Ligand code: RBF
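Next up: a single chain in structure tokens, the form predicted on its own.
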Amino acid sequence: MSSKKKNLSSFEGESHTDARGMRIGIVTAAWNKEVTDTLLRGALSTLETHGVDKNDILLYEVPGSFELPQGASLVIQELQPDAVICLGCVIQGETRHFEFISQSVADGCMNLGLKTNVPVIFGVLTTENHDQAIQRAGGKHGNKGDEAAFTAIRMVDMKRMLKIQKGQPS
């Protein structure tokens, strides 16, 4: 199904997951701040709507998207959150820089999550232009920050359920 006209951040039909007691780190890139601030607002709203206490949301900023995996790694090492959301925006330019940054950040987030067994959520927009970024950060295509936060909640919930099934306290 094409997403050209769809709000990708609609969670209609999804079961409501109770996120009370979850500790969630959010690492946000300062580069493209107009976009990343909107992603952050969306993520915060979704976390709070699902019951995450404001005191259990750990907010940190890094210079750019390339630094997101390192920032997430530091948050995991020092604070042991249940999940970390990485929010950033990389916009296509005239050089291949876009490709290197986008792939490195995606790989870094994935590898960190696998290595630490802490969900590391890739909430990074990789768009062709500024308008596409705006449309995915609160515009007609929803807010990727909302989606990233909902994904973090779902992954922490899955981890909790697996511990319960295994007979361990969540």
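Quick caveat, the model's predicted, so the values are computed rather than measured. When you see a residue number, it is the position in the sequence shown, counting from 1.
Below, we turn to the form predicted together with this ligand, even though it does not appear here.
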So in the predicted bound form, is this ligand close enough to residue 95 to count as touching (4.5 Å, heavy atoms)? yes
Contact between residue 32 and this ligand in the predicted bound form at 4.5 Å, heavy atoms? yes
Looking in the predicted bound form, any heavy atom of residue 86 within 4.5 Å of this ligand? no
Quick check on residue 74: any heavy atom within 4.5 Å of this ligand in the predicted bound form? no
Among 38-46, 111-119, 62-70, 134-142, mark the stretch whose residues have heavy atoms within 4.5 Å of this ligand in the predicted bound form. 62-70
